[in-house]
Each structure stands twice: as C-alpha cells, then as structure tokens.
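Here's a solo chain for you in structure tokens, the form predicted alone.
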Amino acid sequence: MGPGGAEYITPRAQAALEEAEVVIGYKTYLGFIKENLADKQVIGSGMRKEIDRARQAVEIARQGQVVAVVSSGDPGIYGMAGIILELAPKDLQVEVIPGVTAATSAAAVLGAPLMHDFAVISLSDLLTPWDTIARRIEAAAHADFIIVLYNPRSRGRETQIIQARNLILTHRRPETPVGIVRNAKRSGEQKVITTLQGMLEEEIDMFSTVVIGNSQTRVLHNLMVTPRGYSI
C-alpha cells in the first residue's frame, strides 16, 4: 500500500484490493485504506501477529477465496511477502505486488539523498540480534554507504539509535547531513534536516525514517543531495 497516502498506492495494488474477497492486515494499515474495503471481509490484528495473519491468509486462500494481505511500503521489504511464501503450499498461486518503501518515500521528501549506493538497516532487534545489527551498521558506515534506518526508536527501545549514531560517528564527520522524516507521504508529514552530531536532539520514533548521508552528501536549498558523480 506504499507509505499510506492514497495517491501512492500503485494501480496494480488498487486492482488487487478490488479483486480480493478477503483483506487481511495490521489494523493500523487497514485504517489507511478503509475506503477500499467496502463489501470485503476484513480481518485485522495487532502488532507481532504477522505469522498468525499469514497462516490465516493461506488457509482462506486454500479454501478457494481471493485474499489480499496488506503491507505498508513494499511487501518484500520488512513486509509480509516472505512469511506468506514460506507458508504457502506449492500449488497456491501467490502474487507479490511491489509498493513504495519508506526509504524512497523519505528520500523524495528530503530531496535526492539516495543517488549513490545505500544500505537499509532496521534497528528493531525483535528478530535480529543487536550484535548483528551493530556489525552491519559499522560495515555500512566504513564502506561510505548512505544509510537508511528503519524502526529507529520505540517506547521500549531507546538506546539503539544512540548506539547506531555513535558507531557511524567513528567513520563520518559530525557535520554529515542527516534527514529525519515522520509520516512520509501521508497525513502529518514532517521533515528535519540536521547533522550526525545533532540528530539525537530531534524527535525520532517508529513513524520516522532516518537517512544518514555519506561523505559526498550535501544540503542544497534545504534539501539533501548525494552527487552521482556527473560532471556538472
């Protein structure tokens, strides 16, 4: 369903919702597309119920109904596609419909920060050990990737964004541009462009995507730009 704004749902995703007899998803995400759910059987559930949703979707589809499983952003990027494909039997037809992920949504708000190689890293350690996440952050920072942080901070997870910033600071200048976007491309959108040194002074939560520039990223007219290398 993309970032949440109706205009960013692709025509194919829109058509899939129209074709579906049953729509399954996280309750918050279903709220973004409620105008598309008339005359559908709608099954919503809370956080950390991804496996339950996937199993229910597969079971209903095996009974012969057309099921749409809703993900925010792109279903193949920290979304539901992988779980569905792991659980679905060989004879069940599954279509993965691409969407607009948070990295590209936030980048569009900030300008053009992803014009060169970049890494996307989730700071959520629910499914991945923090030691593994920290190694990936340090490797990306050392290799001068632009770094996009998903799930940067929650009420029960306050320290990871601090540790991530400090790891990156060992490889980047304190004045490296950083963009923070809340609710990218949906209601309540907010943008802040700051620095690696000052980023922790800004509001960062689970509705935020953090884009940390590389050694070439600059701020032009209050927009972040990472040059691709063209001679201009």
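Heads up: residue numbers just count along the shown sequence, starting at 1. None of these values were measured; they are calculated from a predicted model.
Form predicted together with S-adenosyl-L-homocysteine: not shown, discussed below.
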{"query": "In the model of the complex, segment of 110 to 118, 126 to 134, 85 to 93, 146 to 154 with a heavy atom within 4.5 Å of S-adenosyl-L-homocysteine", "finding": "146 to 154"}
{"query": "Arg165: touches S-adenosyl-L-homocysteine in the model of the complex, heavy atom cutoff 4.5 angstroms", "finding": "no"}
{"query": "4.5 angstroms heavy atom contact with S-adenosyl-L-homocysteine in the model of the complex for Asn183", "finding": "yes"}
{"query": "Ala140: touches S-adenosyl-L-homocysteine in the model of the complex, heavy atom cutoff 4.5 angstroms", "finding": "no"}
{"query": "Heavy atom of Ile51 within 4.5 Å of S-adenosyl-L-homocysteine in the model of the complex", "finding": "no"}
{"query": "Residues of stretch 67 to 83 in contact with S-adenosyl-L-homocysteine in the model of the complex (4.5 Å, non-hydrogen atom)", "finding": "Ser72, Gly73, Asp74, Ile77, Tyr78, Gly79"}
